[in-house]
Ligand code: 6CS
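Next up: a single chain in structure tokens, the form predicted alone.
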Amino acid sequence: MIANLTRRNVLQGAGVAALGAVFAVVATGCATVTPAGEAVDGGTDLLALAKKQGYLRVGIANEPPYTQVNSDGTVTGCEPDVLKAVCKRLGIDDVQGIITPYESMIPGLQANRWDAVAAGLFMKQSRCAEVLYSEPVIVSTESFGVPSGNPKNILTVADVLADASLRIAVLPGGFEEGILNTAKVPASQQVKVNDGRSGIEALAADRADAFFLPTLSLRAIAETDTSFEVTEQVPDAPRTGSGAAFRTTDTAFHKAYNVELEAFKKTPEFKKILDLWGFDAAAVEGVTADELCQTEG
């Protein structure tokens, strides 16, 4: 089921699939399940509900290596694979994925269109104020995708600020857009693209001078596209990471999930999943959600 394909091709409005063996196919915008659990912490007892109905609904993206939708509709990737494993420890055998753009992930969670987000939704202050993040699963760095030879020598966010003619492609609602906004990079310098492929096409068409994305995302795209190169990690971009995100009312589920996640991190399977998708399991050791939630943006 796990195929190491390319990254950040965010498929908007498509169906999805199952974490693990098979994901039930769900189309974005379809009717959602009406919660029927008992009230806990001011909301539904999500853990009891998920066990009763046999699945958890999860907002995802199609962005390898964080998440990936295969040609047969099945979903895998680092974050969904970890989520699936932790959910099994909680007695939840199936996870239904719903593909959505990054900018819609938290609003959809709050509107009860899904029960969690597991999509490389990096932690930062504004997001941490709206959701409950699990402890981090991955720690990530940022890079620029640039034309071969990096003709405009774009290596840092400061380089972008210093030259008002530079145009930087970003995903709307993505962590990288937040970095540029926090650094006061004008909107006129930001080129909004829908997904990884659109970002590389913007470079090729000279509509952007660089594409700002996580380092591993760009490297995954570069595995099958040699039309651009990936810079070293951007030194003035903040360190970040991600884990599963839950509604602020789902405190009991969040607590139970963190307990099982911590136990799962101590197993060989956790490292195996991160190694498979190109992440360093050691990089997340000792890193906390509280720390990552201090990132501005």
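No experiment lies behind these values; they were computed from the predicted model shown. Numbering starts at 1 and follows the sequence shown.
One more form of this protein should be noted, the form predicted in complex with the ligand, which is absent from this view; the next part is about it.
Query raised in the report: Would the ligand in the model of the complex be within 4.5 angstroms of a non-hydrogen atom of every residue among Ala119, Phe122 and Leu213?
Result: Yes: each residue has a heavy atom within 4.5 Å of the partner.
Query raised in the report: Where, among 213 to 221, 198 to 206, 154 to 162, 181 to 189, do residues come within 4.5 Å of the ligand in the model of the complex by heavy atom distance?
Result: Stretch with heavy atoms near the partner: 213 to 221.
Query raised in the report: Might Pro136 be said to contact the ligand in the model of the complex, defining contact as any heavy atom within 4.5 Å?
Result: So Pro136 does not count as contacting the ligand.
Query raised in the report: Heavy atom to heavy atom, is Trp114 within 4.5 Å of the ligand in the model of the complex?
Result: Flag for Trp114 set to no.
Requested in this report: State yes or no: in the model of the complex, is some non-hydrogen atom of Leu171 no more than 4.5 angstroms from a non-hydrogen atom of the ligand?
Outcome: Yes, contact at 4.5 Å.
Requested in this report: Using a 4.5 Å heavy atom cut-off, state whether Asp81 contacts the ligand in the model of the complex.
Outcome: No - in the model of the complex, heavy atoms of Asp81 and the ligand never come within 4.5 Å of each other.
Query raised in the report: Is any part of 62 to 87 within 4.5 angstroms of the ligand in the model of the complex by a non-hydrogen atom, and which residues would that be?
Result: Residues within 4.5 Å: Glu63, Tyr66.
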